Every structure is written in structure tokens, then in C-alpha cells.
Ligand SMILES: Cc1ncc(COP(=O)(O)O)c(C=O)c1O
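Only one chain comes next, encoded as C-alpha cells, the form predicted on its own.
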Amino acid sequence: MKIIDLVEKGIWKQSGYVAPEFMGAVKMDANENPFSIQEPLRKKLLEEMGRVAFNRYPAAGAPELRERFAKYYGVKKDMIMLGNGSDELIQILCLALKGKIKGVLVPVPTFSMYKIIAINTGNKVVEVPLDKKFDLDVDAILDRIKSDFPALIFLSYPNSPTGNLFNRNRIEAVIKKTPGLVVIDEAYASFSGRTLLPLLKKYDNVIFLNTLSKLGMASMRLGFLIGSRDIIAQLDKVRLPYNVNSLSQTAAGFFLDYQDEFSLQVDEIVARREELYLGLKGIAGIRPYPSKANFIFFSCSFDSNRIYNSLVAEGVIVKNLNMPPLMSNCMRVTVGSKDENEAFLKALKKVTEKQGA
């Protein structure tokens, strides 16, 4: 027997999530906040981190932080759980929910980690394509729902990578019909000005995910899972005891102390998003789609693989999403600073003109 034979087939058959590294490039592929914390706030954060007792474990379950973020999201303390980014919380959901109802359903295209984590935790995964407007195909989703499937349906709101908001009535139609839980991932909600959190009071089979990663603290890896007390109590048994480190907890508290400053960055990103969208519309062969997130999804009249490689050569990194049929020759670019957006648009215009020549 080979060692590889010990690995579950679903794992070795997939390629996993790849995060490419390019030194010195304008990085616009990971949906990060382009703005860092400025002085004197940066100094204050470092001073707070300097008071962390590095020889001690972090507060297990982060009870004080949970209470503060419960107020931030307008829920009770026992309705929220913190994780090492949203990815860990997705993993906890996929590990825990394997009772009489099993499996995971995801619309496509969407955040790739839903499928990757579901497969890695031994779940059956069913993918249902979005419609031509990148909205939920409710009839197709309902056709796949059975009395024992699925335990989890993941919906990104706004959706990644398309940037649009699914129709609320379609979302509620899915919630009403599924025998399992509908997980609404609002990682990009701050850029849309919209949230579906009030659905918690209407349905007991809805769970929400959120994160600080898109708001300027990607390096801290802090995510939030919000749901009913009963389900949080069970999921908390799966959570590892010290899953959120002390520095991340300190940074999260700092975020709450100075949330107005971070809100200003969100406003700046939204303004830059509209400028970037108009800039993309002005480039021949490029079709951008309206976005409610901190990125813009666009299609090319050219081979996106060649466009991507040409952009890399120009020192600009975006996300290549050339996956037929729904995303043939499509790409996604993170909204950057004014200088980053201008550098990207200049490079894209240059490489597309060469392609069209």
C-alpha cells in the first residue's frame, strides 16, 4: 500500500485553494482592504499588543469579545461564536452537521472554500449553477433538495466572485424549503450597505458568517458565526478551545474602539469602486458587472489566461476566473487605492490593445 492510499479520495482528487505570491507586484486579487492603519492609531494598536502576556493562552472562547461583537451585530452573546477567520467556522459547520440530514449544496460560481472544506470534511457536495444574471436559480435548487439533503446551503451575500446581491425573495424561498441550515455569508456586506441579519428573527434554520478580513484586518484572521442559541451551543463543542489567539482578540477589540475610522475606509473603497467600474467600462473588450462588494467581476472579449499573464508581466495581480460555461474569460479585480486602480487600468488597457491588434 502507498501512503497516498491513506488519503481520502475527495481530497487528493482536488487541487485545493491556491494563493499565488508575487513579490513587488500591485496585488489586487485577494479582496483585501488597500488601506493600512495610519499613525497615531497604528502606534496605539502596537502598544495594546505589547501588553499581551505571550506566555499565557488566549481567553478561551473570547467571552468579553463575544459580548462586545454581539452588541455590534445586535444579537445576544450566546448567539455568536468567533473563529480563526470564516474558513474555520465553515469547517466547524461541515464537521458538526452530519446527522439525519447530510451534505452540502452551493450555487456556482461562489466562494471556492465552501466546496473545498465540505469535501475535506467528508461531505457530499452538490453544485447548482446560478442563472444568466448570476442570481439564484430557485427551481434548480429546489429540485436538488430532499428530505435528507442538504444539511448546509452556503450563500454569499454579496456573492463572491460576481459581486451582486441575490434576490431576497429567492433566498427566503430556499430557506423555507430546505430541511437543513442556510448559511448566509456577509463577508462583503459592509460595502453593500445591506444585511439580512433580521432573518434570524424570522427563521430558526439561518446562520450568518462575517469577518474582519475585508475591513482592514486580514492578517488577524477573525471571523464570526451568528445563529440561534441551540445551534451555537452545539457548534461550540466542535470549536478548538484556543482557536482565536490573543493578538487577534486585541486587534478585534481595537477595531470596535475605532470602528468609525474603519468605516471611513469602507466609504473610500466604495467611492473607488465606482471610479474603477467606470474605468473598466471605458476599455474596449472589457465588460464589468455592477458590484456591491470591494471587488469588480468582469469578462473579456479576449483569452483571459493571456490577459492575466500579460498583467503579471506588467506587475499587476488580479484573479483569473476562466471557468466555462458561466465564467468563460472572466476575471475579478479588488478595488484598490487611487494609485493602484490607475496602475491596473493603465496595464489592462495596454495588454488588451495588444490582444486586439
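The structure presented is a predicted model; accordingly, all values stated were derived computationally and were not measured. Note that residue numbering begins at 1 and tracks the sequence as displayed.
The protein also exists as the form predicted together with the named molecule; that form is not presented, and the subsequent description refers to it.
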The unique member of P107, G216, G103, G85 whose heavy atoms fall within 4.5 Å of the named molecule in the model of the complex: G85
Candidate from F111, F191, F208, F254 lying within 4.5 Å of the named molecule in the model of the complex - any heavy atom: F111
Location of the named molecule contact in the model of the complex, chosen stretch of 183-191, 230-238, 165-173, 74-82 [non-hydrogen atom, 4.5 Å]: 183-191
4.5 Å heavy atom contact, T121 and the named molecule in the model of the complex: no
Exercise: R221 in contact with the named molecule in the model of the complex, heavy atom 4.5 Å: yes
Non-hydrogen atom contact S160 with the named molecule in the model of the complex at 4.5 angstroms: yes
Heavy atom contacts to the named molecule in the model of the complex at 4.5 Å, residues of 128-157 in sequence order: S156
